[in-house]
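So this first bit is one chain, no partners, the form predicted on its own, shown in C-alpha coordinates.
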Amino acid sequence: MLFNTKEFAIFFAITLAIYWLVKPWRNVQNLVLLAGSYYFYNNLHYTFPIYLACMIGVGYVSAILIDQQTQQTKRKAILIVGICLLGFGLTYLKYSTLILGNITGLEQWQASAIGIIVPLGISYYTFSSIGYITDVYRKRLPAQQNAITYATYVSFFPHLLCGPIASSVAVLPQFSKTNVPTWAQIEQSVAEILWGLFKKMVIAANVEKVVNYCYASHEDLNGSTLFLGVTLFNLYLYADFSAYSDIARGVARLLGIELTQNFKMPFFSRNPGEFWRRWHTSLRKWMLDYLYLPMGGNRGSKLQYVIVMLFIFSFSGLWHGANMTFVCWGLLNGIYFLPYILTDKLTRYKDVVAKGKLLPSGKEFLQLLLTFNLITLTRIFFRAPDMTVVKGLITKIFSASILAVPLKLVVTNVAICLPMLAVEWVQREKEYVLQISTKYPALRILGYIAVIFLIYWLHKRQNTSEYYYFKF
(Lines give C-alpha, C1' and ligand atoms only; values in the text may rest on other atoms or scores of the structure.)
Protein backbone atom coordinates (compact mmCIF):
# COMPACT_ATOMS: atom_id res chain seq x y z
CA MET A 1 0.00 0.00 0.00
CA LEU A 2 1.61 3.24 -1.17
CA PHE A 3 1.15 6.61 0.50
CA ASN A 4 0.11 8.21 -2.80
CA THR A 5 -2.91 5.97 -3.43
CA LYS A 6 -6.64 6.15 -2.71
CA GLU A 7 -6.36 2.85 -0.83
CA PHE A 8 -3.98 4.37 1.69
CA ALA A 9 -6.08 7.53 2.02
CA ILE A 10 -9.13 5.43 2.91
CA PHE A 11 -7.12 3.17 5.24
CA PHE A 12 -5.55 6.13 7.05
CA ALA A 13 -8.84 8.05 7.36
CA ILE A 14 -10.51 5.05 9.01
CA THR A 15 -7.52 4.35 11.27
CA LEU A 16 -7.22 8.01 12.29
CA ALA A 17 -10.94 8.28 13.11
CA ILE A 18 -11.00 5.13 15.24
CA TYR A 19 -7.70 6.06 16.91
CA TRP A 20 -9.00 9.39 18.20
CA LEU A 21 -12.42 7.99 19.09
CA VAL A 22 -10.73 5.74 21.67
CA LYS A 23 -8.50 8.55 22.96
CA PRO A 24 -9.31 8.00 26.67
CA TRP A 25 -7.74 4.51 26.52
CA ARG A 26 -4.07 4.50 25.50
CA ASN A 27 -3.78 0.72 25.33
CA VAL A 28 -6.80 0.57 23.03
CA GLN A 29 -5.23 3.26 20.84
CA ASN A 30 -2.10 1.15 20.56
CA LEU A 31 -4.21 -1.88 19.65
CA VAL A 32 -5.81 0.16 16.88
CA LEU A 33 -2.38 1.18 15.58
CA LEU A 34 -1.06 -2.37 15.89
CA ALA A 35 -4.02 -3.82 14.00
CA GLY A 36 -3.74 -1.10 11.38
CA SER A 37 0.00 -1.68 10.98
CA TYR A 38 -0.46 -5.43 10.53
CA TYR A 39 -3.22 -4.87 7.99
CA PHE A 40 -0.94 -2.41 6.18
CA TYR A 41 1.95 -4.89 6.18
CA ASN A 42 -0.12 -7.98 5.36
CA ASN A 43 -1.52 -6.07 2.40
CA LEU A 44 1.96 -6.32 0.84
CA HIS A 45 2.57 -10.06 1.37
CA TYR A 46 1.01 -12.54 3.78
CA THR A 47 4.40 -13.77 5.07
CA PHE A 48 5.71 -10.35 6.07
CA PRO A 49 3.82 -10.08 9.40
CA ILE A 50 5.33 -13.44 10.44
CA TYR A 51 8.89 -12.09 10.12
CA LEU A 52 7.87 -8.88 11.86
CA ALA A 53 6.28 -10.78 14.78
CA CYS A 54 9.46 -12.83 15.23
CA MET A 55 11.59 -9.69 15.37
CA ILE A 56 9.20 -8.11 17.87
CA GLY A 57 9.30 -11.21 20.07
CA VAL A 58 13.09 -11.40 20.10
CA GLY A 59 13.49 -7.70 20.90
CA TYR A 60 10.81 -7.70 23.60
CA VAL A 61 12.10 -10.77 25.44
CA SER A 62 15.78 -9.81 25.11
CA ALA A 63 15.22 -6.37 26.63
CA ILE A 64 13.25 -7.73 29.59
CA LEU A 65 15.90 -10.37 30.31
CA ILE A 66 18.64 -7.72 30.13
CA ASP A 67 16.74 -5.46 32.50
CA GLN A 68 16.20 -8.26 35.01
CA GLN A 69 19.89 -9.08 35.31
CA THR A 70 22.22 -7.29 37.71
CA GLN A 71 25.45 -8.96 36.64
CA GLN A 72 27.11 -7.13 33.77
CA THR A 73 28.46 -10.30 32.16
CA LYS A 74 24.99 -11.84 31.95
CA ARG A 75 23.49 -8.60 30.63
CA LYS A 76 26.14 -8.47 27.93
CA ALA A 77 25.66 -12.14 27.04
CA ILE A 78 21.91 -11.64 26.57
CA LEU A 79 22.57 -8.52 24.48
CA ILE A 80 24.95 -10.43 22.19
CA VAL A 81 22.49 -13.32 21.78
CA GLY A 82 19.66 -10.88 21.04
CA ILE A 83 21.69 -8.99 18.45
CA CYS A 84 22.80 -12.26 16.84
CA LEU A 85 19.22 -13.52 16.58
CA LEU A 86 17.99 -10.25 15.10
CA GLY A 87 21.01 -10.00 12.84
CA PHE A 88 20.67 -13.61 11.69
CA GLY A 89 17.15 -12.99 10.46
CA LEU A 90 18.27 -9.98 8.42
CA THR A 91 21.44 -11.70 7.16
CA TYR A 92 19.70 -14.90 6.12
CA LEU A 93 16.78 -13.25 4.37
CA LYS A 94 18.69 -10.43 2.67
CA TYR A 95 22.24 -11.68 2.15
CA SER A 96 22.00 -15.45 1.62
CA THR A 97 22.56 -15.22 -2.11
CA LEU A 98 25.61 -12.97 -1.76
CA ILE A 99 27.23 -15.08 0.99
CA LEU A 100 26.51 -18.51 -0.49
CA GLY A 101 27.45 -17.32 -3.95
CA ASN A 102 31.01 -16.72 -2.80
CA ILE A 103 31.49 -20.09 -1.07
CA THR A 104 32.56 -22.99 -3.25
CA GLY A 105 30.45 -26.11 -2.90
CA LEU A 106 27.28 -24.41 -1.71
CA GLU A 107 25.69 -23.96 -5.12
CA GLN A 108 22.65 -26.03 -4.10
CA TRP A 109 22.04 -23.84 -1.06
CA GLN A 110 22.51 -20.75 -3.18
CA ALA A 111 19.81 -21.93 -5.58
CA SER A 112 17.35 -22.35 -2.73
CA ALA A 113 18.25 -18.93 -1.32
CA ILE A 114 17.33 -17.21 -4.59
CA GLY A 115 13.65 -17.97 -3.96
CA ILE A 116 13.58 -16.19 -0.59
CA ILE A 117 11.11 -13.31 -0.43
CA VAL A 118 12.79 -10.50 1.50
CA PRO A 119 10.24 -8.66 3.69
CA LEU A 120 9.95 -4.98 2.83
CA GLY A 121 11.35 -2.74 5.54
CA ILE A 122 13.20 -5.57 7.34
CA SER A 123 16.40 -3.50 7.59
CA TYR A 124 14.52 -0.68 9.29
CA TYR A 125 12.71 -2.63 11.98
CA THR A 126 15.74 -4.85 12.57
CA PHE A 127 17.90 -1.79 13.23
CA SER A 128 15.20 -0.31 15.47
CA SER A 129 15.08 -3.56 17.47
CA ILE A 130 18.86 -3.79 17.80
CA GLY A 131 19.03 -0.16 18.86
CA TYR A 132 16.30 -0.74 21.45
CA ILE A 133 17.90 -3.70 23.23
CA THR A 134 21.27 -1.90 23.12
CA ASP A 135 19.72 1.19 24.72
CA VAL A 136 18.19 -1.00 27.45
CA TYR A 137 21.61 -2.58 28.01
CA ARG A 138 23.16 0.88 28.29
CA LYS A 139 20.37 1.86 30.72
CA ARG A 140 19.24 4.72 28.51
CA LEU A 141 15.66 3.54 29.09
CA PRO A 142 13.95 0.67 30.95
CA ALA A 143 12.66 -2.37 29.10
CA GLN A 144 9.08 -1.90 27.92
CA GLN A 145 6.90 -4.31 29.91
CA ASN A 146 3.78 -3.79 27.85
CA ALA A 147 4.05 -6.10 24.83
CA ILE A 148 1.36 -4.21 22.90
CA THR A 149 3.18 -0.90 23.38
CA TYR A 150 6.47 -2.34 22.21
CA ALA A 151 4.91 -4.13 19.24
CA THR A 152 3.16 -0.92 18.19
CA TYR A 153 6.44 1.00 18.35
CA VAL A 154 8.30 -1.47 16.10
CA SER A 155 5.48 -2.02 13.61
CA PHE A 156 4.17 1.58 13.46
CA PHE A 157 3.06 1.73 9.83
CA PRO A 158 4.17 5.28 8.86
CA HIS A 159 7.87 4.42 9.24
CA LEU A 160 7.66 0.62 8.87
CA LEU A 161 8.79 0.28 5.25
CA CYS A 162 11.19 3.15 4.64
CA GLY A 163 12.03 4.82 7.93
CA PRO A 164 12.93 7.07 9.55
CA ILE A 165 14.59 4.54 11.86
CA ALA A 166 12.79 5.23 15.12
CA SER A 167 15.04 5.92 18.10
CA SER A 168 13.81 3.94 21.10
CA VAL A 169 14.78 6.70 23.51
CA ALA A 170 12.94 9.42 21.60
CA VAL A 171 9.98 7.54 20.10
CA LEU A 172 9.07 4.51 22.24
CA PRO A 173 7.94 6.55 25.31
CA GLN A 174 5.48 8.43 23.08
CA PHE A 175 3.41 5.26 22.73
CA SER A 176 2.76 5.22 26.47
CA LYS A 177 0.93 8.55 26.54
CA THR A 178 -1.65 10.33 24.43
CA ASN A 179 -0.25 13.36 22.61
CA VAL A 180 -3.03 15.36 20.99
CA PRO A 181 -1.64 17.45 18.11
CA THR A 182 -2.29 21.18 18.22
CA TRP A 183 -3.73 23.08 15.26
CA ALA A 184 -0.22 24.29 14.42
CA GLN A 185 1.04 20.69 14.40
CA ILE A 186 -1.91 19.60 12.25
CA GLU A 187 -1.12 22.33 9.75
CA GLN A 188 2.56 21.33 9.72
CA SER A 189 1.56 17.70 9.14
CA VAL A 190 -0.68 18.62 6.22
CA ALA A 191 2.07 20.81 4.73
CA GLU A 192 4.67 18.04 5.01
CA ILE A 193 2.31 15.49 3.47
CA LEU A 194 1.54 17.85 0.58
CA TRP A 195 5.21 18.54 -0.14
CA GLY A 196 5.96 14.84 0.04
CA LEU A 197 3.16 14.07 -2.41
CA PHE A 198 4.47 16.79 -4.73
CA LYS A 199 7.97 15.32 -4.73
CA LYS A 200 6.71 11.77 -5.27
CA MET A 201 3.89 12.35 -7.74
CA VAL A 202 5.29 15.28 -9.73
CA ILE A 203 9.09 15.06 -9.56
CA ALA A 204 9.89 11.37 -9.00
CA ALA A 205 7.01 10.01 -11.09
CA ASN A 206 7.88 12.21 -14.08
CA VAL A 207 11.62 11.55 -14.22
CA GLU A 208 11.74 7.87 -13.23
CA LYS A 209 11.33 6.48 -16.75
CA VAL A 210 14.05 8.74 -18.14
CA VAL A 211 16.46 7.58 -15.44
CA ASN A 212 15.68 3.95 -16.23
CA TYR A 213 16.18 4.64 -19.94
CA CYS A 214 19.62 6.20 -19.39
CA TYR A 215 20.89 3.26 -17.36
CA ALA A 216 19.35 0.63 -19.64
CA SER A 217 20.62 2.28 -22.85
CA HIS A 218 24.00 3.52 -21.60
CA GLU A 219 25.86 1.81 -24.46
CA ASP A 220 24.00 3.94 -27.02
CA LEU A 221 24.18 7.33 -25.28
CA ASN A 222 26.96 9.91 -25.15
CA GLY A 223 28.82 10.98 -22.03
CA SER A 224 26.98 14.26 -21.48
CA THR A 225 23.58 12.54 -21.66
CA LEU A 226 24.71 9.86 -19.22
CA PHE A 227 26.15 12.39 -16.78
CA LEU A 228 22.84 14.26 -16.79
CA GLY A 229 21.07 10.91 -16.46
CA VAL A 230 23.08 10.09 -13.34
CA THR A 231 22.41 13.62 -12.06
CA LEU A 232 18.73 13.05 -12.71
CA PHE A 233 18.86 9.82 -10.70
CA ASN A 234 20.43 11.71 -7.81
CA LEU A 235 17.55 14.20 -7.90
CA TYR A 236 14.99 11.44 -8.38
CA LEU A 237 16.32 9.44 -5.42
CA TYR A 238 16.09 12.48 -3.16
CA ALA A 239 12.58 13.38 -4.33
CA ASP A 240 11.35 9.81 -3.93
CA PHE A 241 12.97 8.94 -0.60
CA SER A 242 12.48 12.27 1.14
CA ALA A 243 8.86 12.26 -0.06
CA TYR A 244 8.24 9.05 1.87
CA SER A 245 9.93 10.47 4.96
CA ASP A 246 7.94 13.72 4.80
CA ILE A 247 4.63 11.91 4.43
CA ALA A 248 5.54 9.42 7.18
CA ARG A 249 6.39 12.27 9.53
CA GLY A 250 3.15 14.12 8.77
CA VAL A 251 0.98 11.01 9.12
CA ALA A 252 2.69 10.05 12.40
CA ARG A 253 2.19 13.52 13.89
CA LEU A 254 -1.54 13.36 13.16
CA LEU A 255 -1.49 10.22 15.32
CA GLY A 256 0.33 12.07 18.08
CA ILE A 257 3.78 10.59 17.37
CA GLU A 258 6.76 12.77 16.45
CA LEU A 259 9.36 11.15 14.18
CA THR A 260 12.79 12.52 13.37
CA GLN A 261 13.32 14.73 10.33
CA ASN A 262 15.10 12.37 7.96
CA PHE A 263 16.20 14.93 5.36
CA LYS A 264 17.45 18.45 5.95
CA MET A 265 17.86 19.75 2.40
CA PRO A 266 21.09 17.80 1.77
CA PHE A 267 21.88 19.27 -1.66
CA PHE A 268 22.78 22.56 0.02
CA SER A 269 25.87 21.04 1.65
CA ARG A 270 29.40 22.43 1.47
CA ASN A 271 31.30 19.18 1.96
CA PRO A 272 30.53 15.42 2.17
CA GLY A 273 30.41 15.57 5.97
CA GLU A 274 27.62 18.14 5.91
CA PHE A 275 25.80 16.17 3.22
CA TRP A 276 25.69 13.04 5.38
CA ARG A 277 24.46 15.05 8.36
CA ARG A 278 21.53 16.13 6.20
CA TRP A 279 20.80 12.92 4.23
CA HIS A 280 18.98 9.95 5.85
CA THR A 281 19.73 11.38 9.29
CA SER A 282 18.11 8.50 11.18
CA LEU A 283 20.47 5.94 9.62
CA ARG A 284 23.44 8.23 10.29
CA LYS A 285 22.35 8.62 13.93
CA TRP A 286 21.97 4.84 14.29
CA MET A 287 25.45 4.19 12.92
CA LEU A 288 26.89 6.98 15.06
CA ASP A 289 25.40 5.56 18.27
CA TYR A 290 25.88 1.84 17.69
CA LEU A 291 28.93 1.57 15.41
CA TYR A 292 31.01 4.74 15.01
CA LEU A 293 31.32 5.80 18.66
CA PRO A 294 31.78 2.24 20.07
CA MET A 295 34.58 1.74 17.52
CA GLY A 296 36.37 4.85 18.79
CA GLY A 297 35.22 7.41 16.26
CA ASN A 298 37.90 10.07 15.73
CA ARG A 299 39.46 9.62 19.16
CA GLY A 300 42.39 7.47 18.00
CA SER A 301 45.14 8.06 15.47
CA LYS A 302 44.39 9.29 11.96
CA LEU A 303 44.91 5.77 10.64
CA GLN A 304 42.31 4.41 13.08
CA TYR A 305 39.97 7.25 12.14
CA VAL A 306 40.33 6.42 8.45
CA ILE A 307 39.73 2.69 9.05
CA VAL A 308 36.61 3.44 11.10
CA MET A 309 35.22 5.76 8.44
CA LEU A 310 35.83 3.30 5.61
CA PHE A 311 34.25 0.49 7.64
CA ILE A 312 31.18 2.59 8.49
CA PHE A 313 30.58 3.53 4.87
CA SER A 314 31.22 -0.03 3.65
CA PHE A 315 28.71 -1.27 6.23
CA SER A 316 26.25 1.37 4.98
CA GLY A 317 26.75 0.05 1.46
CA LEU A 318 25.99 -3.53 2.54
CA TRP A 319 22.95 -2.32 4.49
CA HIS A 320 21.57 -0.97 1.23
CA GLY A 321 22.07 -4.17 -0.73
CA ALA A 322 23.85 -7.50 -1.13
CA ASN A 323 25.86 -6.41 -4.15
CA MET A 324 29.45 -5.30 -4.73
CA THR A 325 28.15 -2.15 -6.36
CA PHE A 326 26.81 -1.00 -2.99
CA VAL A 327 30.08 -1.83 -1.24
CA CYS A 328 31.94 0.28 -3.82
CA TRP A 329 29.37 3.05 -3.38
CA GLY A 330 29.99 3.06 0.36
CA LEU A 331 33.78 2.95 0.01
CA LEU A 332 33.78 5.84 -2.47
CA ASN A 333 31.77 7.97 -0.05
CA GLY A 334 34.27 7.08 2.68
CA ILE A 335 37.22 7.93 0.45
CA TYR A 336 35.76 11.42 -0.05
CA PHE A 337 36.46 12.05 3.64
CA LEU A 338 40.16 11.16 3.45
CA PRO A 339 41.50 14.52 2.18
CA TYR A 340 39.55 16.33 4.89
CA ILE A 341 40.70 13.93 7.61
CA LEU A 342 44.35 13.91 6.57
CA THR A 343 44.51 17.71 6.39
CA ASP A 344 42.32 18.32 9.47
CA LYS A 345 39.98 20.46 7.38
CA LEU A 346 36.67 18.67 7.80
CA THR A 347 34.53 21.68 8.72
CA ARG A 348 31.40 20.76 10.67
CA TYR A 349 29.00 23.49 9.62
CA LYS A 350 26.33 24.33 12.18
CA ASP A 351 24.31 26.86 10.15
CA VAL A 352 22.69 26.58 6.75
CA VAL A 353 24.68 27.89 3.82
CA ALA A 354 24.32 31.61 3.05
CA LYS A 355 22.19 32.16 6.13
CA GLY A 356 20.15 35.33 5.84
CA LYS A 357 21.17 35.83 2.21
CA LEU A 358 19.41 35.26 -1.07
CA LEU A 359 22.45 33.83 -2.85
CA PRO A 360 25.63 32.04 -1.71
CA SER A 361 29.06 33.58 -2.07
CA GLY A 362 31.33 32.46 -4.91
CA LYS A 363 33.21 30.15 -2.58
CA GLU A 364 30.03 28.66 -1.16
CA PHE A 365 28.63 28.11 -4.66
CA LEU A 366 31.75 26.19 -5.70
CA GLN A 367 31.56 24.12 -2.49
CA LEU A 368 27.91 23.28 -3.18
CA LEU A 369 28.65 22.40 -6.79
CA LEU A 370 31.64 20.21 -5.92
CA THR A 371 29.77 18.34 -3.17
CA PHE A 372 26.72 17.79 -5.37
CA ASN A 373 28.81 16.39 -8.22
CA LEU A 374 30.87 14.16 -5.93
CA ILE A 375 27.67 12.66 -4.54
CA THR A 376 26.22 12.36 -8.05
CA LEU A 377 29.19 10.27 -9.20
CA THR A 378 28.61 7.79 -6.37
CA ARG A 379 25.07 7.25 -7.68
CA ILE A 380 26.54 5.42 -10.67
CA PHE A 381 27.34 2.55 -8.29
CA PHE A 382 24.10 2.95 -6.34
CA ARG A 383 21.79 2.53 -9.34
CA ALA A 384 23.79 0.24 -11.64
CA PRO A 385 22.79 -3.46 -11.43
CA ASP A 386 26.38 -4.72 -11.70
CA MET A 387 29.99 -3.61 -12.15
CA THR A 388 29.82 -4.09 -15.93
CA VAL A 389 27.23 -1.32 -16.20
CA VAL A 390 29.29 0.81 -13.78
CA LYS A 391 32.34 0.44 -16.04
CA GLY A 392 30.32 1.31 -19.12
CA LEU A 393 28.86 4.45 -17.56
CA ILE A 394 32.17 5.70 -16.17
CA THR A 395 33.97 5.03 -19.46
CA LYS A 396 31.40 7.08 -21.38
CA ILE A 397 31.17 9.92 -18.85
CA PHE A 398 34.95 10.35 -18.66
CA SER A 399 35.43 10.37 -22.43
CA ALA A 400 35.41 13.05 -25.11
CA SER A 401 31.67 12.50 -25.58
CA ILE A 402 31.10 14.38 -22.32
CA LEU A 403 31.41 17.48 -24.55
CA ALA A 404 28.70 16.30 -26.96
CA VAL A 405 25.20 17.75 -27.01
CA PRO A 406 23.05 15.85 -24.47
CA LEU A 407 19.72 14.31 -25.32
CA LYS A 408 16.99 16.94 -25.07
CA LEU A 409 14.68 14.62 -23.13
CA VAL A 410 17.20 14.31 -20.29
CA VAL A 411 17.86 18.06 -20.18
CA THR A 412 14.11 18.71 -20.01
CA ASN A 413 13.67 16.31 -17.10
CA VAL A 414 16.56 17.82 -15.16
CA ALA A 415 14.82 21.18 -15.62
CA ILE A 416 11.64 19.68 -14.14
CA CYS A 417 13.52 19.23 -10.85
CA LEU A 418 14.78 22.81 -10.64
CA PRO A 419 11.57 24.33 -9.16
CA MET A 420 11.79 21.81 -6.29
CA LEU A 421 15.37 22.88 -5.58
CA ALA A 422 14.47 26.57 -5.91
CA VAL A 423 11.63 26.31 -3.38
CA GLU A 424 13.80 24.39 -0.94
CA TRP A 425 16.63 26.91 -1.34
CA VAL A 426 14.31 29.80 -0.47
CA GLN A 427 12.90 27.82 2.48
CA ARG A 428 16.19 26.29 3.67
CA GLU A 429 16.12 28.12 7.01
CA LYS A 430 12.57 26.99 7.82
CA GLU A 431 11.61 23.99 9.93
CA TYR A 432 9.81 22.45 6.96
CA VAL A 433 9.60 23.41 3.29
CA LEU A 434 6.01 24.69 3.14
CA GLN A 435 6.33 26.70 6.34
CA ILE A 436 4.91 30.01 5.11
CA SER A 437 5.71 32.92 7.41
CA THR A 438 2.64 35.12 7.32
CA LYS A 439 0.15 36.27 9.90
CA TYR A 440 -2.64 35.80 7.37
CA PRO A 441 -3.85 32.17 7.42
CA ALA A 442 -5.67 32.68 4.10
CA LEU A 443 -2.36 33.18 2.31
CA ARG A 444 -0.96 29.95 3.71
CA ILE A 445 -4.10 28.09 2.66
CA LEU A 446 -3.79 29.53 -0.86
CA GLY A 447 -0.22 28.23 -0.94
CA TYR A 448 -1.37 24.73 0.01
CA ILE A 449 -4.15 24.86 -2.61
CA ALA A 450 -1.59 25.84 -5.23
CA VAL A 451 0.51 22.77 -4.39
CA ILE A 452 -2.59 20.54 -4.57
CA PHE A 453 -3.40 21.99 -7.98
CA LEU A 454 0.15 21.34 -9.23
CA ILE A 455 -0.01 17.74 -7.99
CA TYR A 456 -3.32 17.17 -9.78
CA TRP A 457 -2.17 18.90 -12.97
CA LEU A 458 1.34 17.52 -13.31
CA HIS A 459 1.41 14.06 -11.78
CA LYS A 460 1.42 10.98 -13.98
CA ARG A 461 -1.82 9.22 -13.21
CA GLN A 462 -0.63 5.91 -14.54
CA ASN A 463 2.49 5.90 -12.38
CA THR A 464 2.05 4.20 -8.99
CA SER A 465 5.53 2.72 -8.71
CA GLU A 466 6.91 1.75 -5.32
CA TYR A 467 9.27 4.00 -3.42
CA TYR A 468 12.84 3.23 -4.46
CA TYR A 469 14.03 2.61 -0.91
CA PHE A 470 11.48 -0.18 -0.39
CA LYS A 471 14.13 -2.56 -1.74
CA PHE A 472 16.47 -1.75 1.16
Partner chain sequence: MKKILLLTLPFATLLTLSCGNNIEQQQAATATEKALAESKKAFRAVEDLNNDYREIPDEKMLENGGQNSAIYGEMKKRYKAQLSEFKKEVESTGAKFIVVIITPEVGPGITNRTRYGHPFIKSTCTELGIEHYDLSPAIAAQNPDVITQAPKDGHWSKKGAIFLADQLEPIITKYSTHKTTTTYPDAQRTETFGDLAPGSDEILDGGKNLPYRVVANAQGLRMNEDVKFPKTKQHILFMGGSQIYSPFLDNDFIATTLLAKRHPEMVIMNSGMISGCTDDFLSLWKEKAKYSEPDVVIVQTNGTDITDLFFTNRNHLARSKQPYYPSAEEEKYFRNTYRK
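Here the structure is a predicted model, which is why all the values come from computation and not from measurement. Residue numbers count along the first chain shown, from 1.
The same protein also exists as the form predicted together with the partner chain; that form is not shown, yet it is the one meant from here on.
Enquirer: For the three residues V210, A216 and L407, verify that every one has a non-hydrogen atom within 4.5 Å of the partner chain in the predicted bound form; reply yes or no.
Expert: Yes, the whole candidate spot contacts the partner chain.
Enquirer: Looking in the predicted bound form, any heavy atom of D220 within 4.5 Å of the partner chain?
Expert: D220: contacts the partner chain in the predicted bound form.
Enquirer: Spot the stretch among 421 to 429, 64 to 72, 50 to 58, 407 to 415 with residues whose non-hydrogen atoms come within 4.5 Å of the partner chain in the predicted bound form.
Expert: Heavy atoms within 4.5 Å of the partner chain in the predicted bound form occur in 407 to 415.
Enquirer: With the partner left out here, which residues of 282 to 299 have a non-hydrogen atom within 4.5 Å of the partner chain in the predicted bound form?
Expert: Nothing in this stretch is in contact.
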